[in-house]
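Single chain ahead, written as structure tokens, the form predicted alone.
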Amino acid sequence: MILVLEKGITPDQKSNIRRTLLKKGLIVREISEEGQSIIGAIGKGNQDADFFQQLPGVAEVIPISKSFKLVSRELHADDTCVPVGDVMIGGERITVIAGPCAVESRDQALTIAREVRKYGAVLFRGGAFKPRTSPYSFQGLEEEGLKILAEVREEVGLGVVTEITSPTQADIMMKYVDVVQIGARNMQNFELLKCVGRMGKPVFLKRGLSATIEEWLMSAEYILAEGNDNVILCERGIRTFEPYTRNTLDLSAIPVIKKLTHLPVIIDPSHATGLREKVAPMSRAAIAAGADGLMIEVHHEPDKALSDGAQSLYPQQFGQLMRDLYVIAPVVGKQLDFSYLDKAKAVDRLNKAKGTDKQRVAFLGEMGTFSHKACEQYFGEKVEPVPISSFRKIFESVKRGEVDFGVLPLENSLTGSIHENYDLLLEYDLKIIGEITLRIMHHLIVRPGVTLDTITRVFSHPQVFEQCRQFLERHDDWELVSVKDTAKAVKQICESDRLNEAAIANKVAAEIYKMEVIEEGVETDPRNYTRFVIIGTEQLEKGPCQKSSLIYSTGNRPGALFESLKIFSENGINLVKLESRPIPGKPWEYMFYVDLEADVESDTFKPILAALVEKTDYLKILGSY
């Protein structure tokens, strides 16, 4: 059952409620949901709702209908994110775990770890204890394998995931690994589930070969009941009548799980299909279906692998898959961050150097705007978002050191460039240090209880009205009221008591202000993406960059622009953007903004840069990232 506590509850009253629950033999979990304190009470004890309703400080008692309690969304409405070092499993950043089925040697593990990290994996998988169908198959290197995994963590910087097969292995697992995995064959080994619950380390719980979703969640309940809330569910395929794949990957389990439980869900397409050529398409489908991440087997010499070589990707195939996922992720509101680990470590270094708890990052508008979402997806939870009222003030704040970084929208796939920010990049001596692309989805948001037929006035940003023109034309009697940003529109209807008003904004703003979405995806064109850049006084991460931005001007003579572009062509450098902007104070003269796929600040680019300087009247490097 759930005990909703009164807002004015005293510490003594709360302590008395906890003591009473514990005396009744109940498991107690205290949770803060959307500003409301609640206590979950689960167990075999006497759960007389009327008795608990009478306790001082209890506002309401709500029974939990599901057989699984602690993992249920009834008890915990918000998604759980599981921390593993600098990695957060769950949320809006996709987690990719990669590595061989089994640790075979030190050289094998380190070689594969370096490859998968290079392509964007954030955790390393590898079996040291291998439960196999045949007693004559390779059973793993056991503790020696765990030592190799620990070396991978130290040498390569990847947290390690491995399978525990017996409670007797708990002590050495605590010593060497970051995440313990419960394999499919052990999903209902209840003594092992209790053991990992008591260990306290994050647990990777695979679905059993023939387990129902409810049985799977009840296994997770065993772990949470022992006090360990850091459980990650893994769908790895179930046994069916179909012989063409090793198992049948149940992608329909993803939306079902997301509705039933707050725990993150990872997909293992390698064990699900058992065939290398099937891994990539199933991985793409899993992310499109809403999975929080993937566990993928990778081997540099799969034909020589001692375990499951046929389903292991070559490193280059893994790299191509990661590029595909990078493109797919924004469609479902997520990000695949190739520099996830480097970025986290860089922010930590800055925090230590400056003696601060968190770096401050400025964005335009209120909490809940797309700029705020871009900030969170790029940096994760490592920074403090700072809302600021104008683009120029963001530049000024970064320049004066009041904030460490700024997040700026630079161009939209439908409406083009935000020219003010291009002009500010020219004016200020700040660098572009990163970029992120978000899919822009607009929703019609109202106060609880308001219906579509009662709306007469809608608030949003003028650009949003343009992007939702087709939807708004169906309601041409609505009054459209322009505001500074979309989150401000939601805040405005929240603070108003009028029941005829609505806002168009993103879902996050509705959640922040406790409003309701009554129409999803009201934008005219679903191919609506905005590219945001991160600005700062210096690079966040050291090392090679894949992209650079320049601005330059050429003389007013025939072929001047062509001569500059010819330099890029002759050196095989791909331009991904070229745009002209008027030079302030010089009518009919133009600057050219260029984005290119190269690191212009690297030593190898110096001769090309020198040639470009010769062909231009003015050149400024806006940043490499």
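Heads up: residue numbers just count along the shown sequence, starting at 1. Source: prediction; values computed, not measured.
What comes next is about the form predicted together with a small molecule, which does not appear here.
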query: Looking in the predicted bound form, is the small molecule within 4.5 angstroms of a heavy atom from every one of R29, I38 and S72?
result: no
- prompt: Pick from 487-495, 549-557, 330-338, 182-190: which stretch has a heavy atom within 4.5 Å of the small molecule in the predicted bound form?
  reply: 182-190
- line: Checked I440, A220, C101, L350 for heavy atoms within 4.5 Å of the small molecule in the predicted bound form; positive is C101
- prompt: If you check K431, R93, K382, K130 against the small molecule in the predicted bound form, which one has a heavy atom within 4.5 Å?
  reply: K130
query: Any of the heavy atoms of H271 lying within 4.5 Å of the small molecule in the predicted bound form?
result: yes
task: Tell me, yes or no, whether R236 is in contact with the small molecule in the predicted bound form, where a contact means a heavy atom of each within 4.5 Å.
output: yes
message: Does any part of K373 reach within 4.5 Å of the small molecule in the predicted bound form? Heavy atoms only, please.
response: no
- prompt: Just to confirm, K206 within 4.5 Å of the small molecule in the predicted bound form by heavy atoms?
  reply: yes
